[in-house]
Structures are given as structure tokens and as C-alpha cells.
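Here's a solo chain for you in C-alpha cells, the form predicted on its own.
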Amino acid sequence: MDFGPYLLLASLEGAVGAAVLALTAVGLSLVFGVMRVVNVAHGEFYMIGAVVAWFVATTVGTHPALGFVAALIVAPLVAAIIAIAADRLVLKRVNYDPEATIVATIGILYIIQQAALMGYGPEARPVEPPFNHRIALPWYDFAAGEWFYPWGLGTTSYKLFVIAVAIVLLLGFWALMTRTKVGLVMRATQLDWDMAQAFGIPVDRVYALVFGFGAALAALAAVLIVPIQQAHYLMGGDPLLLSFIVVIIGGLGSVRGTVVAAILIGMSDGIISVFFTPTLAKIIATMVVALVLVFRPQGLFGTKAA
């Protein structure tokens, strides 16, 4: 097979990773942008989504599609409830101090991780996708002047579904932030906490909502990816690392920059992982972060501090 079909296949794999990464990183970016909290436990909310998806799918136990739909509803709610409880019980009590919240979210990370280990176990467990039809991808042979189907060049209907759902969710998030009163309140709180409070905005409630919403986005991303990967109590590490890389490259608190950076990092990670190794992909992503911090510390779409 020529290089082109391999590149197409790798790009599709990268697009799936980019879609899931964008959802996860947008949640992290939202929390930092509004609350100025570096949520080190964000990857564990991702893990909660996967673990709850497995529990729901196993409990429903009928058609995989029913379990999947139920998981899409239940997992984000569970993650959001746990996140809101963590905000009320921990983050609020340290007054959202930047240094204190880093330590606090590290503690939350270990609590959630160990709770998952005790309740779920150390095994990696698969979740059956709601559908998974094989789709052969055509390739045009310019030398022969005709289309053909190279052996092994294909994807599944579920992977295309993940990309489509992620796009819809991201557009819905954009509409929420720019076209609704809830989004207006979030943006007002992000711009000026004191002024928002002076105008009667319940900032504490906004913070709880934002922290829960960020966790729900991470859990949604995990529900989408767990039929492709497997649910495991340690699976939050890589999404957390990549999300931080994406948020730094895109610009701290910039949702638009986060989405653009997620596409760049996700696509490159998928392509490099197919042709070389996943380790090399992480090394290159880390080098890109270093270059961004040196030459554009505010990120691609961030703004310089006054």
C-alpha cells in the first residue's frame, strides 16, 4: 500500500483522539478561565466517566445501545455531583487560593483514584459499543486513474460517531457560552469577580456550576472513548497531561485556543503514534509546549497580562 492510505488511516485515528481531547481540555480550560483553579484532579473525573459507563452498561445489560445512552446521561451527572461536592467541601474552604487549590485537587485526585480502586478493582474492563460496523475507505490511484479499496484501509462507524458527537457537543458548548444567560454569567465572573458579585451574581454558585460542568465534560469524553479503549482506575493520567498541554498551547482560559490546540495535538499524536511510537508523540508535544512558553507565554490565543 502507498503512503497516502496509511496517512488517511492515521489521520482518522488522530481525529478521534482530537475530538475526545477537545472535550476534556475544554472542561479544564473553563475551570481555569472562570475560577483560576488549576484542577489537577480533572483526569480523575474523566476516569469516573469511564468507570460509571462500565457500571451502567453492565447493570442495564440488554442492548448495548441502551446501556450507552444511559451512560451518556448518568456518568456526567455523577462526575458533576462529585465535583460540586468537592468544590463545596474543599475548594471553597481554601477560598480558591491558587497554591492551596493545587494541593487540594491533588488530594481529591488520590481520594477518587483510591475509591475507584476499592469499588471498581484494578482490572481494565471493556464496554461494548452501541454499534461498530466496519467501513471500508476508498483510495484514488492516480496512476491507474480509478478508485479502489486497499486491504486494511478502513474504520468503524462508532469512531465516526465519536467525531460527530464531539463536534455537536463543542458547538453546543459554544452556544451555551455565547448565546445564553448562563454563559453570560460565567463570562462576567471570569472577567471581574468583584464586579460580578457587586451586580448580584452568586459567584459561589457559579464556581460550583463551572467546576461541575468541567467535570461533566471530561466524563462525557470518557464515555465516548471507553468502547474503543477500556475503563481502568489509572486511566486519567494521559488525558490530564494532554489537556494541560492543550490548554497551555491554546492559551490559559481561551476556549477557542483550547479547541484549536486540541485538534493540532490530537491529530499529531494519532499520526505520530501510528507511524512511530506514542512515546515520541508525547515528547514532541512537550517540546511544543516548551517552545510556546519561550516565544509566546500567553499561548496561541491567550492575552498578555496587563
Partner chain sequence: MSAAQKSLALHLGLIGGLFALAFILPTYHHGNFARIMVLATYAIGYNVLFGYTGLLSLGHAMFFAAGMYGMGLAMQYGGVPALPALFLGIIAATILAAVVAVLALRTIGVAFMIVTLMFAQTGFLTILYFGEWTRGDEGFVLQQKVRQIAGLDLSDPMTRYLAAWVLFSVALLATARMMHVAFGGVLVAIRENEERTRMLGYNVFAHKFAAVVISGAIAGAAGAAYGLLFGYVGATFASVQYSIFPLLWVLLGGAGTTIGPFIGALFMFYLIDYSSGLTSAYMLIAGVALVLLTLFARAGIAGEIKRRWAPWLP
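This structure is a prediction, so every number in the text was calculated from the model and none was measured. Residue numbers count along the first chain shown, from 1. Only the largest set of C-alpha atoms that superpose within 1.5 Å between the two forms is called the rigid core.
Below, we refer to the form predicted in complex with the partner chain, which is not included among the displayed structures.
Listed residues Ala231, Ile108, Leu224, Val210 were compared with the partner chain in the model of the complex; Ile108 is the one with a heavy atom within 4.5 Å. Contact annotation: of the candidates Val260, Val38, Met267, Val60, the single residue with a non-hydrogen atom within 4.5 angstroms of the partner chain in the model of the complex is Val38. The candidate spot formed by Met118, Phe244 and Met287 is fully in contact with the partner chain in the model of the complex: every one of the three has a heavy atom within 4.5 Å. Heavy atoms of Gln197 never reach within 4.5 Å of the partner chain in the model of the complex, leaving it off the interface. The partner chain in the model of the complex comes within 4.5 Å of no heavy atom belonging to Val52. The partner chain is not shown here, but in the model of the complex it comes within 4.5 Å of a heavy atom of Ala104. When contacts are judged by a 4.5 Å heavy atom cut-off, Pro126 does not count as touching the partner chain in the model of the complex. With the partner omitted here, the stretch from 129 to 137, 171 to 179, 75 to 83, 88 to 96 that lies within 4.5 Å of the partner chain by heavy atoms in the model of the complex is 88 to 96.
If you take 279 to 298 and check each residue for a heavy atom within 4.5 Å of the partner chain in the model of the complex, you get Thr279, Leu280, Lys282, Ile283, Thr286, Met287, Val289, Ala290, Leu291, Leu293, Val294, Phe295, in sequence order. After superposition on the rigid core, the Cα atom of Ser11 is displaced by less than 2 Å between this form and the one not shown.
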